[in-house]
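A single chain comes next, written as structure tokens; it is the form predicted on its own.
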């Protein structure tokens, strides 16, 4: 489908949307609606009969001292798989249901979790943070002392660098949750490390910082001082409450836009030095093997990326019909800066039209996008498939590559930092499959 035709379709879809909305407001008493099925209304038991919940007392307001989701939302949960886990699920990952996400904030109970030795439970009264090495005044801080520094609150995503990494050779999971759910976005509260260093004094020869966790894996990662003095944070708050244990309670490192593995949890030590440490997780792990046989180390920022979240294998179009107007939704993000635009394709990347960015557009944060789409004629009868693809751009000048472009540089032996355009097939029955388009 040509770009001009798609743009005209987009305009017509919006025009139809507002025409139908106006008609709905005029005939509201007749029970018409833009998106309602024709069968809804007269004779519908859900309308005609009294509801059970409307004829009985509800629970006391203090039944749950901490709010609980509705039991009908039981499918909106993190998920794990043995294919991405150690035998006992301690060195493992639980992925976010991004297809169920609303806005750009992930609830704490759904935030993806990655650990290398299981979740540690730290007593905050026994918590200590040591800051030493090439600083003028080495110090050991309690949690209360750390919180006395001026705090800031920022919204950023955290993404595992292996997000999508299982698909270098082709799609492995017919699920957007497992394909792209190794990430989440939250509002973080803590202190900039540069604020603490203004108090302690950083020696001019310091070039690197070691961040070390207190869990049994003793996770350690090396961070350039330039990043530390830019926007690195020590955070203790997430979405208005204390960090959850699986997110590193009581304190974790946050490096906005950079690999989630670098955002060390259960943080116990920061050491400054002239040289990097070459820890296990930056030598034997979290490196990418190139076709030359050499590996990339110190691979930091997550590149510009996007995905379609609806429709998806979890949210198919099996109940839509010709002429329906539906909203295609997705997420875009970049560790390099701020999302400036998202394009969407209906033919696997041959032609693109511009999608609309929705809500807040913040640096190094999720950005939500959407496109109003009119289901084409004979969609379920003509055997014609729709191949959805999205590509994002950021203010650093980057744009998502095609798979062929990325593979030409990285080969197929890599694990991390996969950000090529991905595609979703919508079949004539409305089911959605994760597919791969290698060239267009």
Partner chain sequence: MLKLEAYKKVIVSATVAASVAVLAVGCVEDVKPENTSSTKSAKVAIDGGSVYPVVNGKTGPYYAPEQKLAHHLNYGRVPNAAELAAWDTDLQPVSELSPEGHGIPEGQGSVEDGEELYDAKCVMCHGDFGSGGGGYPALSKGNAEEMHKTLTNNRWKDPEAPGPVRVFGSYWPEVTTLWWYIRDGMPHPFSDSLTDDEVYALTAYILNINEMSIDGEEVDDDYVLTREKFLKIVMPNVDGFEPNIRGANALPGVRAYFANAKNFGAQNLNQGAVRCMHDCQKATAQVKHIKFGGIKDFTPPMSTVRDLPAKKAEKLDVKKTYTAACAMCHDSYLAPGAPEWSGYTANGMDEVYAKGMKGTEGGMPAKGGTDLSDADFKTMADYLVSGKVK
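Positions refer to the first chain, counted from 1. This one's a predicted model, so the numbers in the text were calculated from it and none came from an experiment.
Quick note: we don't show the form predicted in complex with its partner chain, though the next part is all about it.
Look up in the predicted bound form whether residue 398 has a non-hydrogen atom within 4.5 angstroms of its partner chain, and give yes or no. Yes, residue 398 lies within 4.5 Å of its partner chain in the predicted bound form.
Indicate whether its partner chain has at least one heavy atom within 4.5 Å of a heavy atom of residue 48 in the predicted bound form. Residue-level check for residue 48: no, no contact with its partner chain.
Give a yes or no for residue 408: in the predicted bound form, does one of its heavy atoms lie within 4.5 Å of a heavy atom belonging to its partner chain? Because a heavy atom of residue 408 falls inside 4.5 Å of its partner chain in the predicted bound form, the answer is yes.
Although its partner chain is absent from this view, report whether residue 100 comes within 4.5 Å of it in the predicted bound form, heavy atoms only. Contact with its partner chain, yes.
Just to confirm, with a 4.5 Å cut-off on non-hydrogen atoms, which of 320, 262, 328, 279 contacts its partner chain in the predicted bound form? None of the others qualify; the residue that does is 279.
Tell me, which of 124, 109, 291, 165 has a heavy atom within 4.5 angstroms of its partner chain in the predicted bound form? Looking at 124, 109, 291, 165 one by one, just 291 meets the 4.5 Å heavy-atom criterion.
For the interface check, one of 320-328, 157-165, 240-248, 210-218 should have non-hydrogen atoms within 4.5 Å of its partner chain in the predicted bound form; which one? Contact-bearing stretch, as computed: 210-218.
Though the partner is not shown here, which residues of 138-177 have a heavy atom within 4.5 Å of its partner chain in the predicted bound form? Heavy-atom contacts to its partner chain in the predicted bound form: 138, 139, 140, 141, 145, 148, 149, 150, 153, 154, 155, 169, 171, 172, 173, 174, 175, 177.
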